[in-house]
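Here's a solo chain for you in structure tokens, the form predicted on its own.
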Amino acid sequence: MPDRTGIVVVGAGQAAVQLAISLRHKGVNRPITLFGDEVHPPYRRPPLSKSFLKGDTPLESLYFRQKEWFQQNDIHLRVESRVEAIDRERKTVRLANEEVRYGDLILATGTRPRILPDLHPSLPNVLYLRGIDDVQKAMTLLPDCSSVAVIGGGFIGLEFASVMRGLDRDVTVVESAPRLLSRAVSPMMSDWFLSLHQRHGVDVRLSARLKEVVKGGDGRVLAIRLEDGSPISADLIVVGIGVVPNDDLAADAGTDTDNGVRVDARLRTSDPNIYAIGDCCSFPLRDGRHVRLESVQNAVDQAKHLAACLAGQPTPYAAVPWFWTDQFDTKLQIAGLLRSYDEARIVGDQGAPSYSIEYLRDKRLVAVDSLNDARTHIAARKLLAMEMGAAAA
């Protein structure tokens, strides 16, 4: 007889939906329940700060699947449902007014924004871009907005800045580090994106820290002041200073956490019936280091891998990480993880609109940045997969 023990997924984002899709494609017929705490059905996040914000993408097209698809595939989608605790002994998850049993539990809880106390998201003109509601709030503010201050020079902040300049708003980016995208790209690429934004009229302040927030009587932020004393007036304040993994459920249940829900090479937690995937998951590389990646690619790859494991095809997880960002007329695609390197090689003409940079350590390729250069990016992912295979041999 088929195993009808339920699979419960806490989270309803990219990783959770991909897992459900892949499980059905693998022929796994166990009941699946997805718990999401938002009012919206599962949706794609990457367009939020780009095409959806500009009004080019309708809300309905963000949804992964219509409600009927979930029903037809025996997937119980529960929106506005927050899981409050896990009982590992009884194998149940607890919500406000009920308990639900699981055979296998998958944590796909994602992340939440880091909050600056003086710039709380409850303030009328302060935004933390995480979900549909955040972007819809931005869209209601934009008609009366002529100037924007972006706190944080990471991917989200810079993507938002590029959209705002395209809408002819004055934009100031405030980054506490000495360069943009410092946790994701090389100094060469940081300089390139600094130049890109400055060419498009973005006022970029590096090594700049917030000192004071000036508010009006209605609670609106009128200006911010930096530690060097310089004031920045803005109608809209957008904060993108990183995220925190939602690993509280796992920690409270007694499973291992370390900057995320810690898993083994098969994405299992320290409890053999609990797994984690996506942005909340801290997983091992082949060299033993644990990393947590925030990307669509990681969410999709881990979901497909776990589906195969639950379908009786367990293998160690070993996918090549890759990422992308769209800013102005530029698409940056990153293959691999740039932790350290001792050599950088230019592929193509560095002065051209498209080229790539290969990074090597001990003569081995570790990462490639590609600017408007999809062909090199695809080739780099294949080469890195070969490198990973050679390293494992």
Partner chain sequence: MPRVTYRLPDGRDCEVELSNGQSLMEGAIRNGIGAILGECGGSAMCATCHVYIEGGPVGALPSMCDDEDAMLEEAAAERLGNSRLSCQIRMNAALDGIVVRVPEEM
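Numbering follows the first chain given and starts at 1. Fair warning: this is a prediction, and the values are worked out from it, not measured in the lab.
There is also a form predicted together with the partner chain; it is not shown, and the following applies to it.
Mapping the unseen interface onto this chain, residue 358 falls outside it, with no heavy atom inside 4.5 Å of the partner chain in the predicted complex.
Under a 4.5 angstroms non-hydrogen atom cutoff, the partner chain in the predicted complex has residue 46 among its neighbouring residues. Although the partner is absent here, residue 322 lies within 4.5 Å of the partner chain in the predicted complex, judged by heavy atoms.
In the predicted complex, residue 349 stays away from the partner chain, with no heavy atom inside 4.5 Å. With the partner omitted from this view, the residue of 364, 339, 54, 65 that lies near the partner chain in the predicted complex is 65 [heavy atom within 4.5 Å]. Highlighted residues 127, 220 and 225: none comes within 4.5 Å of the partner chain in the predicted complex, counting any heavy atom. Stretch 297 to 305 is the contacting one of 297 to 305, 164 to 172, 119 to 127, 310 to 318, since its residues have non-hydrogen atoms within 4.5 Å of the partner chain in the predicted complex. For the partner-free chain shown, 18, 21, 25 of 18 to 32 come within 4.5 angstroms of the partner chain in the predicted complex, judged by any non-hydrogen atom.
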